[in-house]
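As structure tokens, one chain now follows by itself in the form predicted on its own.
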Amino acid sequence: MVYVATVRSPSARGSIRSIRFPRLPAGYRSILPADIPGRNRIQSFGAEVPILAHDKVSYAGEPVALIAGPDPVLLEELAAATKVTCDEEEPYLNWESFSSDQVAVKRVAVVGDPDLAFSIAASVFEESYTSGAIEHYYSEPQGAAAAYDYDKIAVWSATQWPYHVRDSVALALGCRAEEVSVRPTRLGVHLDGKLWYPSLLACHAAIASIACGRPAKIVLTREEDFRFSPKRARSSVNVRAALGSSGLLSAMDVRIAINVGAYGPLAEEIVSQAVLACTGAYACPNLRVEGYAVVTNTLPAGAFGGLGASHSLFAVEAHANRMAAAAGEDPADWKSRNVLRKGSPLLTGEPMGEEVPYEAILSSLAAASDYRRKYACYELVRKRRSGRSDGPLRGIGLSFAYQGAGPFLSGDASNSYTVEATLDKDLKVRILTSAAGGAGLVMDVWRQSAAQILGVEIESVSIAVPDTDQVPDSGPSTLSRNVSVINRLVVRACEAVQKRRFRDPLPLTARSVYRVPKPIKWEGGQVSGSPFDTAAWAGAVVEVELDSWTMEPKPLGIWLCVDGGQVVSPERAAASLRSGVADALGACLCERFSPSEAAAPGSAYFRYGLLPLQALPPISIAFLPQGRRAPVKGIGELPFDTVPAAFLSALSQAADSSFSCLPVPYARIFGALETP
């Protein structure tokens, strides 16, 4: 086997003048774009990313060449000794104000007559909300391996999207997709950090294996992964909202700018999700929204716990809390009046097809957290004090949001998913899907669903290894589709087997295919289609206290109540949600990622602030009771959709100041309290 090391660009933008390798020992070789037998591109949601930069570079750290050889330590030295010279150009780094050349994707939608609604509004509130880049920090660094397997090239990769890896490698090698076999390795907690990037590393490994005629493996170091793999996109969401004389939301004007970095491999889906979530969980009859995916010369952006909707949900929830506070009203009451109802029109014109369980969730949260009493008390203290206080400075915030399940929202995204089920003569059930199960909880859901329908013990149900040679294409494992879509297909396939079970001889096999009934279509200023098949709902309450000396915010408690449909294992689902709450809280408190600092050698990796376990407050998770016919819903993104806005509102109340970014620098909190 040979190992593979990456030679990277020292410049954020420019033209490659030369690449000078040191003298390579016997058994080592360099690999340049000209050595790629097929296309030097991988495709993702309509965007293209170079496998190795050719002529032009678009971000610092972009791969420009590979070195393969038997000793990984020597490879690192050879890669470090390689000199890449570029004719540098001024990089595009601004993204909140940007030129038309930087717009990768633009989405616009208009509903009703927002101009008229604003002209007759009783009050108008406007604010911009920003969120920064975040490191995914998954369980293990990215990597891939490739080798000949008789008449195929076999690829091993921890990926959320095995078929994307297969198609990308086939394109890079110039061969048929059937000549590539992707064999996914165990996938840990990924936070959507392993969607498209594993395909890039798989191409590197496969190209090196072909060039050297030997098995090849590339594994990034943890620091290399931190510095050069995708991070969550940065966003700025400007919300202008109008209220009528009755206090109801009458109009919104929303402008969303999302920094998708270089090439924008997920740009189309991220900005589409953000635009369709711009009103959050609230009914708004008049709306204008513009969403921009802005390309910059920084690391290509990833998803991080949801493909864009969390950016808008954070902004609209924080804005709702601010409007309620400005009116001297408890945000819980404001939300109760303005929340979506069954039949309320969505941005696409589709009616809301289910009752929104706001009151039930609020009742559960209020009882568990004592929200009503605490909010009233903290408001009274806030109004009476001036500046710093000898007593504790506390605040409490409430948020409410949803997680949609079903289709991708990009215009040309694949929305077809397939699952196969087989019942053999020994009454053993085998489920075939390319979906990456990741946590055992997801596969337990599939197995239990199959066991209940076919009347067998759960131990008799197995999930096939998701080798692309053996299993059908089930799409990418993201947005909780493994629970909401894949489980539905497992149920349908097993029901089809059960119908034939006593008429036809065993073994019996059935295949179930999901296609979106009303795909999203973007035309001019209108959008149509169904933004989700079903939705999970959640509310969060966060209580915060400020340290009297450092002004560092300390969470005192977090309460989350979820309408997640049928929950197969409440204990394991609650554990998963607690983990998500901890990740979301880290993004609120201490996780700050600067692409410009991380790209330069130094200690940025060691300075990155992960939340210590001892800093976690008590976290309470509750599920609304459901009937037996309730569907299984995806809940994995709900902590990221709810906790940040609740935290920001609690912090604003504690400091008696309006904050609009996360994390909030301690100096700003301190300055707000020192200002008379």
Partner chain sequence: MTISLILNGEDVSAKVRSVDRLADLLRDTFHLIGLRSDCRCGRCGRCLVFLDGRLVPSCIIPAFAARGKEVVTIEGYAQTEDYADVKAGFADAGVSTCGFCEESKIMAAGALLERRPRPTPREILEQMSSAPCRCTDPDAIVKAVLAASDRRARRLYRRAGQ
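Numbering follows the first chain given and starts at 1. Keep in mind that this is a model prediction, so the values were computed, not measured.
Omitted here: the form predicted together with its partner chain. The next part is about that form.
Colleague: Please determine, with the chain shown alone, which of 612-620, 628-636, 33-41, 58-66 has non-hydrogen atoms within 4.5 Å of its partner chain in the predicted bound form.
Modeller: Partner-contacting stretch among the options: 612-620.
Colleague: Can Tyr608 be called a contact residue for its partner chain in the predicted bound form at 4.5 Å between heavy atoms?
Modeller: Tyr608: contacts its partner chain in the predicted bound form.
Colleague: Is Arg372 part of the interface with its partner chain in the predicted bound form - any heavy atom within 4.5 Å?
Modeller: Because no heavy atom of Arg372 falls inside 4.5 Å of its partner chain in the predicted bound form, the answer is no.
Colleague: Consider Phe593 of the chain shown here, and say whether it contacts its partner chain in the predicted bound form, taking contact as heavy atoms within 4.5 Å.
Modeller: No, Phe593 stays farther than 4.5 Å from its partner chain in the predicted bound form.
Colleague: Does its partner chain come within 4.5 Å of any heavy atom of Leu380 in the predicted bound form?
Modeller: Contact with its partner chain, no.
Colleague: Considering Glu140, Glu179, Glu355, Asp149, which brings a non-hydrogen atom within 4.5 Å of its partner chain in the predicted bound form?
Modeller: Checked against the cut-off, the match is Glu140.
Colleague: Answer with one of Tyr197, Trp559, Trp161, Phe304: the residue that has a non-hydrogen atom within 4.5 Å of its partner chain in the predicted bound form.
Modeller: By the 4.5 Å criterion, the partner-contacting residue is Phe304.
Colleague: May I ask you to list the residues of 175-214 that have any heavy atom within 4.5 angstroms of its partner chain in the predicted bound form, in sequence order?
Modeller: Result: Arg186, Leu187, Gly188, Val189, Leu191.
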